[in-house]
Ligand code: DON
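Here we start with a single chain on its own, the form predicted on its own, put down as structure tokens.
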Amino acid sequence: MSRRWVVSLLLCVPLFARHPVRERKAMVVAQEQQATDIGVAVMKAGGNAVDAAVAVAFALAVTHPTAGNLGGGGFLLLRTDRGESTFFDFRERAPGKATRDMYIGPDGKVTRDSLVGWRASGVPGTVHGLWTAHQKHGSKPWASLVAPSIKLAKGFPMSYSLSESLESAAPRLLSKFPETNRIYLRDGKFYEKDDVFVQADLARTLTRIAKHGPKDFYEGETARLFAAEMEKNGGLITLEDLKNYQTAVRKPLTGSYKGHEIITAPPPSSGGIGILQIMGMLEGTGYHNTGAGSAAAIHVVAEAMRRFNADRSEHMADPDFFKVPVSGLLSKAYIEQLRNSIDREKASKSDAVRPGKPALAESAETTHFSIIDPKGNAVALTYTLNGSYGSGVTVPGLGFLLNNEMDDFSAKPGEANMFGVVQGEANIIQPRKRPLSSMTPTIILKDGKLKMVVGAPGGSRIITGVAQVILNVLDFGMGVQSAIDAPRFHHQWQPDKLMVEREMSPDTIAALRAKGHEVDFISNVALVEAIVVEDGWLAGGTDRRAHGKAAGF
């Protein structure tokens, strides 16, 4: 029996209650165990949550190459122990040579160039974003935080899950590019569990970053090699693009839900607006009174998801290029209008649900980790290569994979991207623009104190997955691990299907179909990692659908 069948069968085994990891002072929850342990070690040595986040992110670039990265980008949401919140946007940017129709073929159809190969990549932001957050809020020397990842790159025992992931991705992506094939597949001699995985080129790149910071990646030896390989292979990223990259430091979105303060991601993420819209539509409905997992509750939440995703298709993009009507989308009057359009007994048809007309305002592969340090600083960090292993390209001599984030733009307005998401004119490709994202790092407060730190990978399913875990905690009173483990569902407006995980009750599925939902199955709805503060304890929950770890002290 193949490894992939074993994994599929395991997901069908009945679930048993799992307990969260509880610690008093500090907690890290990440999707790879060695990275979690490195974050804990940094805080034990006196580092704060931002220090730990830098170390964890660099470690994941080595041990979790499906999404951990130097060649991608993401978001870091920070709330300090002084109550100040900051959002670091290090999302990739379109190269200066990018054009609106660069992925439209002679036949008028969208090509696969936005998904695979050298032309699929936006300008990476991860190294710059981590450095920017560290310079403003870090306490430990930069080089000391990169050092653990250098050690890992020089060799670590291959896990079963990583070996299986690499083998699964070989035929569709990784074997297509010689350098990727050499490093990750040993030219067809697949890694097995406990084989030592050495990434010598990546170790040298990390060593330069440890010594010189982002100057190496964006202007120095790494930048020159990167730009030269791009030109040699028909890519668009130039040395000028790298030199001009800047992290955007933004004000987080904030909102409220049943006495809780929600601090979340602003555009170019659509996630924060999604969380606040969905929860706003639910507030006051009493939807939860029918119980967690009931068809009646799922129906109402799915209808809220449907309406948000219709708005997402038209009204959201990089705020530096498009006037996103944030306050209009989140106004009480507009959300009440959306709420009142939901029929509690019958599913809407997505063709009849159009993007709304809010008032103008003045203004899948990703990974996530959540951290709380002993002083109460909290970090929610989500970063990505977009698809699993990104574009499949490893830069020769540098050892890191490149993103395929250009697919998150609207290559052809009205047509779906790799996640099936239909996007509009606002998110068209423009030079130096950041593509719209679903990443949703979120921090929740109760009476001014930390209550929850949460986020997830999962493409368009991030927003709906994170929302459900929050609702499970706040509305259904679940502990963090139970909230994460509960079966989830997803509706993204188009296609007009309610996607459910296979563990959902057949009776519930039948009831949803009776309400008019076209129900189909999905392997998972995001991979959520969260920490909940309860009764003086930090309770860390990691997703059963992945191979992560919660740990602290």
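No experiment lies behind these values; they were computed from the predicted model shown. Quick note: we count residues from 1 along the sequence shown, nothing fancier.
Although it is not shown, the form predicted in complex with the ligand is what the next lines describe.
A residue is said to contact a partner when one of its heavy atoms sits within 4.5 Å of a partner heavy atom; Asn427 fails this definition for the ligand in the predicted complex, lying far away. In the predicted complex, the ligand sits within 4.5 Å of a heavy atom of Pro457. The ligand in the predicted complex comes within 4.5 Å of no heavy atom belonging to Asp311. By the criterion of a heavy atom within 4.5 Å, Ser391 is excluded from the residues contacting the ligand in the predicted complex. At a distance of at most 4.5 angstroms from the ligand in the predicted complex, none of the three residues Thr264, Ile443 and Ile470 contributes a non-hydrogen atom.
Comment: the ligand is not present in this chain, but in the predicted complex one of Thr464, Ser149, Ser121, Ser438 has a heavy atom within 4.5 Å of it, namely Ser438.
Contact with the ligand in the predicted complex, defined as a heavy atom within 4.5 Å, holds for exactly one of Asp318, Asp408, Asp89, Asp373, namely Asp408. Only one segment in the set 380-388, 243-251, 93-101, 185-193 has any non-hydrogen atom within 4.5 angstroms of the ligand in the predicted complex, and it is 380-388.
Along 365-384, these residues reach a heavy atom to within 4.5 Å of the ligand in the predicted complex: Glu365, Thr366, Thr384.
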